[in-house]
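As structure tokens, one chain now follows by itself in the form predicted on its own.
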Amino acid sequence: MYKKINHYLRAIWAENIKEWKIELTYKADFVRGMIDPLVYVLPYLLYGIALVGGRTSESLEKLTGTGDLITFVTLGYIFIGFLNMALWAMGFSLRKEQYWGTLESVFAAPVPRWVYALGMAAHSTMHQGLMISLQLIVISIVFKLSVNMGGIVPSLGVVGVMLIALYGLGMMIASLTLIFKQGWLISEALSSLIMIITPIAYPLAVLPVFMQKAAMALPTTYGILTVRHFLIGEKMGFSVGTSFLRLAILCVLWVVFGLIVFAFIDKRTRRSGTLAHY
């Protein structure tokens, strides 16, 4: 058992290193990818300041318990990076192998296909971590974010559990690429839907009731609410223990569902002989 686990871990690390080598070969594109999230979030912060008339909102404070618009929105948009990791980076991984003509070689490796997906997850997590760190540093310098430093460690624990759940979603999206080929269509649809009902830049209370209920099925909702609770004191409407429990349950459900879908589609495409279809 130990040898098998070690074998899988080596394969996961090898996939991670392979992706880093490819990315760092195209340095200009890598730098652009690091800057993109920062450019993406700045307009929202400036729009918020212009509409509210400053960085503090009384309406936001009544709904969430914190009136710091800049910190509220910045912490929310950090989670877009994690969501993109699952829906785009992991989901698009198999399509990239098709572009490069290496998908069959990768799938012929003596490890389960889900190990390959976890290798992509490891790389995506590190990559998104770098982008988010840069984003936080720059915004902190420009706007001086105000957070409770004691909440950083529990926040990292929340993010870790949430990431595991998103890995399940990423594996499902990656496998769908084997059938639909243009997997970005599914990624874009799911990304748009999840971003709407997840309280990223606005409180959960402003959503219609049916959308609030739908948001309770998303690990990103509990991740964002709990992290902001630890760092800026946002009111959640439920306890931290309840949030961790629900997040853990969703983690198990999403990972199991993602693995089942991945295994089913992998088996189906190999039987039908459509794996190499472009």
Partner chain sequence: MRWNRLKADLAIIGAEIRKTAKIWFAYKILMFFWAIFPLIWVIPYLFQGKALVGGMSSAPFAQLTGTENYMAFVLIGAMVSTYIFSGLWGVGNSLREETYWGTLEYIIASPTSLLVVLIGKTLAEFLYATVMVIFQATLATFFFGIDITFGKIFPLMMIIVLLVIGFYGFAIAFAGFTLLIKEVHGWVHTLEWVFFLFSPIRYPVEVNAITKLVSAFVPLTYALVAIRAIILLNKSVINLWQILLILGVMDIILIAGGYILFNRLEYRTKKAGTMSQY
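Residue numbers count along the first chain shown, from 1. Everything numeric in this text was worked out from a predicted model, so none of it was measured.
The form predicted in complex with the partner chain exists for this protein as well; it is not shown, and the discussion that follows is about that form.
S.K.: Within a 4.5 Å heavy atom cut-off, is Ser59 in contact with the partner chain in the predicted bound form?
M.R.: Contact check for Ser59: yes, within 4.5 Å of the partner chain in the predicted bound form.
S.K.: How about Pro203 - does it come within 4.5 Å of the partner chain in the predicted bound form, if we only consider non-hydrogen atoms?
M.R.: It does: once the partner chain is placed as it appears in the predicted bound form, Pro203 has a heavy atom within 4.5 Å of it.
S.K.: Taking the partner chain as it sits in the predicted bound form, is Ala189 near enough to touch it, meaning that at least one heavy atom pair lies within 4.5 angstroms?
M.R.: Within the cut-off, so yes.
S.K.: Verify the contact flag for Val39: yes if a non-hydrogen atom of it lies within 4.5 Å of a non-hydrogen atom of the partner chain in the predicted bound form, no if not.
M.R.: Taking the distances in the predicted bound form, the answer for Val39 is yes, it comes within 4.5 Å of the partner chain.
S.K.: Any chance Tyr44, Leu63 and Pro208 all have a heavy atom within 4.5 Å of the partner chain in the predicted bound form?
M.R.: Yes, the whole candidate spot contacts the partner chain.
S.K.: Identify, from the list Met216, Val52, Leu253, Val240, the residue with a heavy atom within 4.5 Å of the partner chain in the predicted bound form.
M.R.: Looking at Met216, Val52, Leu253, Val240 one by one, just Val52 meets the 4.5 Å heavy-atom criterion.
S.K.: Among the candidate stretches 129-137, 150-158, 193-201, 163-171, which one is within 4.5 Å of the partner chain in the predicted bound form when only heavy atoms are counted?
M.R.: Going by heavy atoms within 4.5 Å, the stretch is 193-201.
S.K.: With the partner left out here, which residues of 11-33 have a non-hydrogen atom within 4.5 Å of the partner chain in the predicted bound form?
M.R.: Sequence-ordered list: Tyr26, Asp29, Arg32.
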